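We give structure tokens for two forms of one protein chain below, kept apart as structure 1 and structure 2.
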Structure 1
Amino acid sequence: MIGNPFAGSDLFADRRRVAALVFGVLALAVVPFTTTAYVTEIVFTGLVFVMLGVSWNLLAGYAGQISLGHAAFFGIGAYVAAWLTTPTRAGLPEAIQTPVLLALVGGGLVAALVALAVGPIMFRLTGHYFAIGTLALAAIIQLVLLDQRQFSGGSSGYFIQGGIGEDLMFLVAVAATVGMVASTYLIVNSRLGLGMRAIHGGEGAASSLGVNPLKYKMYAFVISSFMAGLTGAIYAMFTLYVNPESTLNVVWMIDTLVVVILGGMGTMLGPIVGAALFLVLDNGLRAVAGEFATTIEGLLIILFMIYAPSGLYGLIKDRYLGGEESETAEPEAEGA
């Protein structure tokens, strides 16, 4: 399931691939104006999964840190955006009310700050313990918000006012998706990405080369959390409703994990391909198989993990593209 951890990417080096990506972005941009609200909502959900997949893939696929608490940062971003745009509903001073776009950035920044605060504690854990620790963090944040009804709305949820409309928020989601993919590409192919991939290959070996594992884990954790928080904020401002039971639900984490596994972990295009496949499976099977859709999805995912561990993108790359994505040399020593 995990791509080559030392793989960089020449995703934007091929002009035909760049042209196809540009066409895809333009096609996405006209979706709200040429299709129904139902289709727009499905495509928006796909964009959310791409953003969550890209952010989680940076931490797990490139830095090798399997976190199960991504839903926590998604939920934090959603609630911060809700509080900043509709503060009086939570009893907060009206003076903190901010425009939507600033609220989106605020959601991402607060999520990143939480990751910065808890990261040194979380990274005292390794492997499965780190995964369980992040899952516990998400559960704790969800319980706190459920308990603090005056801030979260409790099980009734929190209704947001002052949105900019679904069409504009959809375009914001498209722009954010492009920005996250491009940012991840630049990070992965930079000295920073080299350090992340070095600790993925083995912390002991990386340390012997002069790489500080904690430093690069923290970079990956904070950047990934910022992206997840921004995604949550965009989701909140599109739906204009957040609820601790649904917005911080572990299902978001499971779906993100499935998207990345289906598409190809540790690859640039994997989360994009995985999100598209996941939406087709989820919506197509529900129409055809009804209540058995989830069971069939589970079986298909198991088959993918057994027979296509590099994901659909890895399968396509190997069969039809001849493994065009570059395989960079192993990390060189660097001062940390």
Structure 2
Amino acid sequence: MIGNPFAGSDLFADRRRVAALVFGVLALAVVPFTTTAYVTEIVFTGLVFVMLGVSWNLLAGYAGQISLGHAAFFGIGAYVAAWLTTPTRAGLPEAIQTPVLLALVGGGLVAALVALAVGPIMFRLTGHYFAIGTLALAAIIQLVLLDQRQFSGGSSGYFIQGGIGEDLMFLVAVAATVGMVASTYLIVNSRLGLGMRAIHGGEGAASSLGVNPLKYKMYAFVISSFMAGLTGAIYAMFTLYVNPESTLNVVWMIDTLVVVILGGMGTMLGPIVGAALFLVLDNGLRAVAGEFATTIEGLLIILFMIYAPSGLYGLIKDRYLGGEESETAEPEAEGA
């Protein structure tokens, strides 16, 4: 099994680590003002990867629900932000025109509402059925938007007006990333997180101890979808362009997977390490291997999953940090 669903997280456990994180955030915040637009854009992509990774990790790594439809919630968030800031282009009444920051939250909220609506239905499915069900759900949402040209701009896309500039959006992204990492940390270490990790460890055992699996799955799904939607909204307001083929593309799902798998599923630092690594890898690979970059990413997913399922962070921790989390770990029940 992956990660360690019973161990809490030590992300903010000691002062050195907190100092390193604070320093990291400050360093990020000055990126747009000290580097070129090109670098800013690359780092922004990295932040998007962190946010997607953290949100998917909450659902899949901690609550153990492998969703393959995360890209849909990212896409929903992006489109809602686009509609709220540039309503007339989609034929929507001008009255819903919203300031950018509110539109971002709106993107997250609508994604969360969709998750709230479809969650009780999707969670009638478990395991493989849930994975493939979410894949189908995402495909339907993408196809519907592709078909509804007036709302989505069709394959030629939809330009957004009224952004607040790349530098400011970058800072928003930094703030959102910090917010998501911190709230995930709080959730994972709360009763809520304990419930999620319990159903991951063994749904039957957890429910016999009075943990309601559906409740915790829903919390994980809705929160994770809110974060994915917010990420999509931020991405849309940074690039000021959405299009159903690229914004809802399964590629976002793949990137999320690569980030979380490389870093380590079910760990706090995993998605952060993974996003940094993936960013270097992705840009490096595109320079070296050109069009084979995606192929190599797929191979990496496979190899990591087989040979290092705890990810790079897991490897580092086992080797250099003495595997502190695993000392407190109890023997794991095999997932149902």
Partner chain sequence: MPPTELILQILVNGLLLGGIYAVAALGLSLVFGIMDIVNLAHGHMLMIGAYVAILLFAEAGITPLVGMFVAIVLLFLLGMALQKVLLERVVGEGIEQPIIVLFGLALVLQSLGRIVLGSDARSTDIGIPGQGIELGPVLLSFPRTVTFVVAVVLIMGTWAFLQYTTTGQAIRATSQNRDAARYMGIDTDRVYVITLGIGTALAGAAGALLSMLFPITPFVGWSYLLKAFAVVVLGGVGSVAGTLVGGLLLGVSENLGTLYLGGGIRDIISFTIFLVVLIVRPQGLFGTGGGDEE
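Predicted model, so just to flag it, every value in this text is computed and none were measured. We call the rigid core the largest set of C-alpha positions that still match within 1.5 Å between the two forms. Residue 1 is the first residue of structure 1, and the numbers go on in sequence order from there.
- Here the form predicted alone appears as structure 1, and structure 2 shows the other form of the same chain.
- Remark: with the core as the superposition reference, the CA shift of residue 66 between structure 1 and structure 2 stays below 2 Å.
- Look at residue 289: with the core superposed, its C-alpha moves 3.0 Å between structure 1 and structure 2.
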